[in-house]
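Okay, so here's just one chain, in structure tokens, the form predicted alone.
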């Protein structure tokens, strides 16, 4: 059974993205969720499925209590780190197409800036015992240190340069400034990128994503129900997740330049019945600039090893062949574990993206990237 267009995104919501929210993680998730529910034209009590973020203290029962939901029929988590939010869409489609529920809330909220340290989160990951065996003895514990060898390997094999990675940071910053709800509002030049301090060779400061406070949420509804709601539905044409070889440790992989999304992408494109050339706009998970470049290759937008010239050509900028991260992404808008990427894609396909709107966008793609390379992808079209 195909999940193609069995459901649609019917509501999206966000909070302000800041460094110091002054709010609890629960409060941020409730605020974003209420905004998404209102955007869909639903009432909180019409939510009958919830997929909370697994790396969060907030659980489904918190929404039942605060929203007065009397008949929650489905709850689950999709524990794939940064691939969780897009993978949760697949989970929601399965529940809806199976007749279990009708309107699934997928929320995210975090105080990553005011209350979190990334090293602490890494130590809580199930894979940490393996990371501790292979990477920790040489001092690698933070994500930048774990992913730097991947970027360096790509450079050695294909001649990729730091300046090419910088093009991703520069174009993303430009888009964040247009958004109006982004943490980074100062223009960034390639010279700024190249002059920024080294974090973990070859990744510089502006190759790294933000830590942020805020919340975002979406509503997934059955296709029949979606047609009667407030906003035009954005149908999910194809969705899939994939896990890399040697999923628990990066440096032991036979190919460090191939991510889990390389396995997911063909399935999602086949389900959707489209090709990479049919995509008008893409929101690519950007914890680090290199991860964007590698995903573009694994998704089929360019060949393996050609990501550097592809981004340097201007293809990913607004007005380019494939505009990406039109909201500013994790690099310059906020780190919401990729939920802000989904929100932005829905707005693009509705024609609600303001100054960053991609003219005539009909089909779009969004990805997620998990801590050790798990990948998720969803392809959507405007209704």
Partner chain sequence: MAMTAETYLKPVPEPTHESRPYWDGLKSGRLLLQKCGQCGKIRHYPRPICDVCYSFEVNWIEASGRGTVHSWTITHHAFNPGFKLEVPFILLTIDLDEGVRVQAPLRGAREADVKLGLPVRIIFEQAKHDLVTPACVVAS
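This one's a predicted model, so the numbers in the text were calculated from it and none came from an experiment. Numbering follows the first chain given and starts at 1.
Below, we refer to the form predicted in complex with its partner chain, which is not included among the displayed structures.
- With its partner chain left out of view, the stretch that reaches within 4.5 Å of it through heavy atoms in the predicted bound form is, among 154-162, 227-235, 292-300, 81-89, 154-162.
- Checked against its partner chain in the predicted bound form, the candidates 77, 252, 313, 97 yield a single residue with a heavy atom inside 4.5 Å, and that residue is 252.
- A single residue from the set 179, 102, 209, 145 has any heavy atom within 4.5 angstroms of its partner chain in the predicted bound form; that residue is 145.
- None of the heavy atoms of residue 190 is located within 4.5 Å of its partner chain in the predicted bound form.
- Interface membership of residue 73, defined by any non-hydrogen atom within 4.5 Å of its partner chain in the predicted bound form, is ruled out.
- Using a 4.5 angstroms threshold between heavy atoms, residue 138 counts as touching its partner chain in the predicted bound form.
- Contact annotation for residue 149: at least one heavy atom lies within 4.5 Å of its partner chain in the predicted bound form.
- Residues 197, 198, 199, 200 are the members of 168-200 with a non-hydrogen atom no more than 4.5 angstroms from its partner chain in the predicted bound form.
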